[in-house]
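In structure tokens, one chain follows: the form predicted on its own.
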């Protein structure tokens, strides 16, 4: 699931890589509608085969734009502008079954994206948050700083402070069902039992931001953060799709 390396004060995740797990979700859950924030190169969009919406302020697609999907909507704009201006269920012809949020790596941005995605879904929707598990304090900085040689292939990884969504949701949305998955390089957070009518996060947004704006992860706090996680192993779920569908069934 995860290991701690004292030599570099860093954790390592050893589950299914996140794109592989994302692909397994699409294959076995068979969503009918998909929303993605933070498409960039298109690697994550490529595994979707249903009607999809992709949002990114600047696309640099390195894959087919349409794949084998009948309909794909691209919105080259900030996600705040997208959620403020677009009727997501109206575009797709139904509420969003599955959302993948991988936008700006600052907690207030991800919080707003979560508010928008939940409102566009239905009570059995699945929302996936990326990059919420920083492996060391450097990754959790609000500004990107590259790592040193000791971090190896993780030297360019950056989570920012979106890890704050975990304590935020524990406090303000205990009604949500949350699984934290051990998917390299920086984890996935799966949210189910959503409530499109909920106004808790939107109504208390500024209170939440003020409460968490100054919190940081030093090495001691990072250790405590990881000790509080109840990680769900991802590889067994990919190997046994019945378990995957039992946890995250959309229909």
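Positions refer to the first chain, counted from 1. Bear in mind the structure is a predicted one, so any value in this text is a computation, not a measurement.
The discussion below concerns the form predicted together with a small molecule, not included here.
Q: Have a look at 146-154, 161-169, 96-104, 120-128 and name the one stretch with heavy atoms inside 4.5 Å of the small molecule in the predicted bound form.
A: This holds for exactly one stretch, 96-104.
Q) Is there a heavy atom of residue 78 no more than 4.5 Å from a heavy atom of the small molecule in the predicted bound form? A) Taking the distances in the predicted bound form, the answer for residue 78 is yes, it comes within 4.5 Å of the small molecule.
Q: May I ask you to check whether residue 55 falls inside a 4.5 Å heavy atom distance of the small molecule in the predicted bound form?
A: Heavy-atom contact with the small molecule at 4.5 Å: present for residue 55.
(Q) Given that the small molecule is not shown alongside this chain, does residue 18 nevertheless sit within 4.5 Å of it in the predicted bound form, heavy atom to heavy atom? (A) Contact check for residue 18: yes, within 4.5 Å of the small molecule in the predicted bound form.
Q: Would you check, heavy atoms only and a 4.5 Å threshold, whether residue 38 touches the small molecule in the predicted bound form?
A: Residue 38: contacts the small molecule in the predicted bound form.
Q | Selected contact from 216, 43, 209, 202, since only one has a non-hydrogen atom within 4.5 angstroms of the small molecule in the predicted bound form | A | Filtering the options by heavy-atom distance leaves 43.
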